[in-house]
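Below you will find one chain, with nothing else, as structure tokens; this is the form predicted alone, and questions on how it binds or moves follow later.
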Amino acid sequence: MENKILEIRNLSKSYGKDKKAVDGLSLDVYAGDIYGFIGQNGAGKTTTLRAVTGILDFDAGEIYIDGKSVKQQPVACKAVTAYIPDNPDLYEYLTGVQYLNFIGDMFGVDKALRRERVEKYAAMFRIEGDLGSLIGAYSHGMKQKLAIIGALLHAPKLMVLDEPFVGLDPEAAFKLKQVFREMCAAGSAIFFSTHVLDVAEKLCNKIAIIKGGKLIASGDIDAVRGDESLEAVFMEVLESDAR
């Protein structure tokens, strides 16, 4: 039996009286899935991701992570989840290594294991020589890499990312895709938003398309795109008034 890591049921979220950002959205993410979430700006992607990670409350529906309710058991859900927003807001007056130790302490990662993982991923993303510097001196790409390393420290079951490849150099983007595949082979799941349809098409085994807060299509990527490219399917969705 497949292990369901993320279950979203009839999720709805409004801003004020007139703006329904997410409208009755349901989808499932299983262990081993690299699940791409695509849509225009303002379609509801970031709202959904923030609701999944417990950052944003929602009006209706339920979200379960590893079988636990985000509303009823938020700490247990956060313990097995990692979230990287599109613009990581890190503690700029800490050094890179101080930040990683802070994250390791929060998640109770054993110090020896923490050191091993920091060394592995810092070398992978080529920032080992910068961990002693203040984060305020980092470029956007370096902050993104540091946030990724911090997210990997506790080996999360669910990795949630908002536009993870923005700001990464080609080598780092390649390495991040490798990490995704390694995590999924070990039983974790990846759920991420992206505007880069070529990346989604080559990397993901499943895809969801959201438009105006409603889920338009979801499931195995081959079933969603049929005989067309993902770009062609996405453009058809944008041009259609169907809901």
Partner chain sequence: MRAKWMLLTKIQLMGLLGLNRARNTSDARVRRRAVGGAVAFAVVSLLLIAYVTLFAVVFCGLGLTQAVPAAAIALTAIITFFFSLLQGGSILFALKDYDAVMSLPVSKRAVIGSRLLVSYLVNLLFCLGVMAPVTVVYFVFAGFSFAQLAVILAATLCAPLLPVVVATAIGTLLTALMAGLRIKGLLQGLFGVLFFAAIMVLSFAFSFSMQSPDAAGNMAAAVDALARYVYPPAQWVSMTLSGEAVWGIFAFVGVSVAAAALFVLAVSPFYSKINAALLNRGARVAYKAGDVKSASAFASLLGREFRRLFTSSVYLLNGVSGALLLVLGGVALLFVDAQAFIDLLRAEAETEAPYLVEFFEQNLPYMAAGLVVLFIGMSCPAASALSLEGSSRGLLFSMPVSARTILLAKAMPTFLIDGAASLFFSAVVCAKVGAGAAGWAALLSTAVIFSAFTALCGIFLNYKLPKYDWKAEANVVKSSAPVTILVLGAMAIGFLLIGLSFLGWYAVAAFNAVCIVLCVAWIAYFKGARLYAG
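Numbering follows the first chain given and starts at 1. On a predicted model such as this, the values are computed, not experimentally measured, just so you know.
Another form exists, predicted in complex with its partner chain; not displayed. Remarks below refer to it.
Novice: Would you mind picking out the stretch of 214-222, 39-47, 23-31, 195-203 that comes within 4.5 angstroms of its partner chain in the model of the complex, counting non-hydrogen atoms?
Specialist: Looking at the other structure, the answer is 39-47.
Novice: Only one of L113, A123, V166, L94 gets a heavy atom within 4.5 Å of its partner chain in the model of the complex. Which one?
Specialist: Spelling it out, the residue with a heavy atom inside the cut-off is L94.
Novice: Among M142, L90, A155, A173, which has any heavy atom within 4.5 Å of its partner chain in the model of the complex?
Specialist: Contact residue from the list: L90.
Novice: Residue-level contact is defined here as any heavy atom of the residue lying within 4.5 Å of its partner chain in the model of the complex; does Q72 satisfy this criterion?
Specialist: Answer no; every heavy atom of Q72 is more than 4.5 Å from its partner chain in the model of the complex.
Novice: Taking any heavy atom pair closer than or equal to 4.5 Å as contact, tell me whether A151 reaches its partner chain in the model of the complex.
Specialist: Contact with its partner chain, no.
Novice: At 4.5 Å between heavy atoms, is R9 in contact with its partner chain in the model of the complex?
Specialist: R9 lies outside the contact set for its partner chain.
Novice: Is L56 near its partner chain? Define near as a heavy atom within 4.5 Å, in the model of the complex.
Specialist: Yes, L56 sits close enough to its partner chain in the model of the complex that at least one of its heavy atoms falls within 4.5 Å.
Novice: In the model of the complex, which residues of 97-121 put a heavy atom within 4.5 Å of its partner chain?
Specialist: Result: Q98, F102, I103, D105, M106, F107, G108.
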